Structure formats: C-alpha cells, structure tokens
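What follows is a single chain, given as structure tokens, in the form predicted on its own.
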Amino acid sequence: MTIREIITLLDGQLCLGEQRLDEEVEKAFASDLMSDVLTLHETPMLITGLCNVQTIRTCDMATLDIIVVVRGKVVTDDMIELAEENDMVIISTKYSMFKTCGLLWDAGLKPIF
C-alpha cells in the first residue's frame, strides 16, 4: 500500500513528505508509549495519538520515518521542522487509533508482530 493510498483510506491530511507519496508501506505499529516504540527492530509506520516533538525524536532514534497522528491532533510547526530534517512523513487523521488500525488492517497492512 502506498503512502498516497493510506492518506486516502484514512481521510487524512499530509503534513509533511509530499515527495514520498508513492512509497510502499507494508507494516505498521500503533502505540502512545514511546518506550514501546524504542523496542522495535523493524522500521514500520507508527500510528500514535502522542503529538509532540518527543514523538519525532523517538521515531528518529527508532529509525521510523512515517508517522500517522490520530484523533485529530494538530501537528505543530516544531514537529514538522524536526521531522523535515529527518526526511519523515507525517499524516494526520481525525479517526481514532482503533478505527485507523482497523481500516489499515482491512486494506492489507500487516502488523510487525
């Protein structure tokens, strides 16, 4: 599934990463606990409701570069600036984490475990 397809499926808004819209995504991980994110050994897309600069820093440390922010949280300029430095993609959706995960699962995106 491409990033473009994910945005359409989630009725999402692309906050950053227009140059990567046709990139394929195979797996995702959902969490608001950044300590859990740091334990990942793969580089899936992160689905989270945690919307602050620490999310970007954590994803950078965990080599995650696609972030979906759920529950209509507003991505800040500071987040976008830091994510841009790390060539990340940020998508925002009004959907809950549960609905977001369900839609992505139903569309064929795989979990990391």
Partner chain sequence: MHQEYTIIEGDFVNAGKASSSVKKTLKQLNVSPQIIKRVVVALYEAEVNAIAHAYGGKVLVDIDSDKINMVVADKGPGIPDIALAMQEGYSTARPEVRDMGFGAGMGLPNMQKNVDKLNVTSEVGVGTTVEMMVNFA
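Quick caveat, the model's predicted, so the values are computed rather than measured. Residue numbers count along the first chain shown, from 1.
One more form of this protein should be noted, the form predicted together with its partner chain, which is absent from this view; the next part is about it.
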Check your understanding: Wondering, does Leu33 line up within 4.5 Å of its partner chain in the predicted complex on heavy atoms?
Key -> yes
Point to revise | Contact of Ala62 with its partner chain in the predicted complex (heavy atom, 4.5 Å) | key: yes
Review point. Would Ile80 count as touching its partner chain in the predicted complex under a 4.5 Å heavy atom rule?
Key: no
Exercise for review: Give a yes or no for Lys73: in the predicted complex, does one of its heavy atoms lie within 4.5 Å of a heavy atom belonging to its partner chain?
Suggested key: no
**Study point:** Members of 45 to 66 lying within 4.5 angstroms of its partner chain, judged by heavy atom, in the predicted complex
**Key:** Leu50, Asn52, Val53, Gln54, Arg57, Thr58, Asp60, Met61, Ala62, Thr63
